[in-house]
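The form predicted on its own is given below as one chain in structure tokens.
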């Protein structure tokens, strides 16, 4: 057994456990929590394409969730178009909007960029909240849209139990992780890392930093909007404060920053640690202390930024590598010595 084989075995084991959980975990409540955990891990991984690799801090990604949710729901309710098709339409619309937003805002630095994305997200929410009809499209303002659970079936993206939703979001999560992996090792990934850390030096070497960031923004917006459709079909009810809220945007960013943005495992690790805190704080303190989960997130974020500024994935990765060194260090050294002797 080599280090690579152990890593592959660990990934396969995690995948087998993830796909097998619904077979042994029959509680709808725990399945619901797991679905939300995967959803946030997926959203944070999508955010990570631009917020991690590109080195910027977008705080308005809930707008893209809203675009995906409203696009697929309106097309389904008013025109009878399958939400699967509406999901792609919403993703394309979100990618276009992401490019339009990114083109002027990527010229800003630091807090100015973050504030611009907050203003964009809030602007979208206020518009949707105060308009009943957008041309021929009925969005119902603050009342939102309800999806009647009458057409159960895969083609209608609607299921009687939670297990199909579990597997759909799990496949989406694995897909975005695979895409993140390949991007991190592609020319685009190197351009984004260079442009995020030293943009002037990267441009001096001929890297089109603005173009790389716009591509990342389009991809991030597209995949984020896909999650908006999933959320709409999972909850069967959307309104501006549920899908286009600052809370949503902040939670995504907090999870990435605490877990370790710019890494593949960071968003998943952050969601794994923070989503249960959010869910249980809402269950037990939602009526008396609303917003407590954000206070907890903020406190954890401050501590992480002080002691582990690169996120929790870094010390955990070091601990994992030390464990492998203890197991395989001596064996690998003997193999190398034998090979060159």
Partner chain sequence: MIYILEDAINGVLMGSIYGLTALGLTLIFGVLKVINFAHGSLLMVGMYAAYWAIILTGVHPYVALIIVAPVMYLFGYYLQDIVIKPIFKAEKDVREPITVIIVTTGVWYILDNLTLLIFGPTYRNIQDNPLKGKMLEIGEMFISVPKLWGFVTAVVTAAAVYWFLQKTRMGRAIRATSLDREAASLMGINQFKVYNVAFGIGTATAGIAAVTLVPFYNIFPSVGVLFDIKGFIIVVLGGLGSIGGAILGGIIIGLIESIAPQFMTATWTEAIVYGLFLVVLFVKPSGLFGVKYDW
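What you are looking at is a predicted structure, and each value in this text was computed from that prediction instead of being measured. Positions refer to the first chain, counted from 1.
The next section is about a form of this same protein that is not shown, the form predicted in complex with its partner chain.
Between the options 274, 34, 312, 57, the residue in contact with its partner chain in the predicted bound form by a heavy atom within 4.5 angstroms is 57.
A heavy atom within 4.5 Å of its partner chain in the predicted bound form is found for exactly one of 176, 243, 257, 87: 257. Heavy atoms within 4.5 Å of its partner chain in the predicted bound form belong, among the stretches 74-82, 88-96, 161-169, 118-126, to residues of 118-126.
A residue is said to contact a partner when one of its heavy atoms sits within 4.5 Å of a partner heavy atom; residue 180 fails this definition for its partner chain in the predicted bound form, lying far away.
Taking non-hydrogen atoms only, residue 231 never approaches its partner chain to within 4.5 angstroms in the predicted bound form.
With a 4.5 Å cutoff on heavy atoms, residue 222 does not count as touching its partner chain in the predicted bound form; it lies far away. When its partner chain is considered in the predicted bound form, residue 306 lines it closely, a heavy atom lying within 4.5 Å.
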